[in-house]
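Consider the single chain below, provided in structure tokens and representing the form predicted on its own.
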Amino acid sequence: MLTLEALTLRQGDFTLHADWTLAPGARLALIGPSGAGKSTVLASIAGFLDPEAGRILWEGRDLRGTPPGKRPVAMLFQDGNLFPHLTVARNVGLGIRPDLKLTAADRDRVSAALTRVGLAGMEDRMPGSLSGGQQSRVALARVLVMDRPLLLLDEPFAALGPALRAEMLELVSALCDDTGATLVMVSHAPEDAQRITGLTCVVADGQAAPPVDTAAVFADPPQVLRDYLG
């Protein structure tokens, strides 16, 4: 269970408040205007931004002071964060051991993850030789080997075309089905939220509002969301 308890986040003159709980295995989309603080919420959960006030709890445990690498979090960034000088297998292996001192069992995990995302046999390829969709799959495979219960997506598929983006989101959904992971994803596209998330948090005017049913919020959007959607 993820809880943002009376949370206040501040960056310069920007302040954001949140106070809500997300059940284990839930899938939540953060949607709202650019600059409203969606990525700020993810950064705080991942440990890259300390709250000014309040707490971030996972299964009742306060995460304050826990470094990003020690949190129960795997995060996919907008650029995929692949290292161009490392092979596909080594990029994925970073999710197991940052020093890349992988055992035979670790290498088997890497190969299994690549197979799971449709990249079987590509262990020795370099990222620069892959398409954008294949690079996204490599980044997703690295998240898979991390085996963390909380998955954060900061629009990692935004640069992909609509069909490929939908395919990647369906793959994320299937992986969450397999692992039971809780998903929190930033989205600018209502269709993405409606595709794989049952809950939506509207982020606007300094508030990350409590999650509500995705279908319901888009059927009758609050005024701030109506203004954003146009």
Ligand code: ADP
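Since the model is a prediction, treat every value here as computed from it, not as a measurement. Don't overthink the numbering: it's just position in the shown sequence, from 1.
The following text describes the form predicted in complex with adenosine-5'-diphosphate (ADP), which does not appear among the structures shown.
Note on the partner interface in the model of the complex: the residue among Ser39, Thr197, Ser187, Thr182 having a heavy atom within 4.5 angstroms of adenosine-5'-diphosphate (ADP) is Ser39. Taking a 4.5 Å heavy atom cutoff to adenosine-5'-diphosphate (ADP) in the model of the complex, the contact residue among Pro162, Gly65, Pro68, Gly35 is Gly35. Listed stretches are 167 to 175, 26 to 34, 54 to 62, 189 to 197; the contact stretch with adenosine-5'-diphosphate (ADP) in the model of the complex is 26 to 34, by a heavy atom cutoff of 4.5 Å. Taking the partner from the other structure, adenosine-5'-diphosphate (ADP) in the model of the complex has a heavy atom within 4.5 Å of a heavy atom of Gln11.
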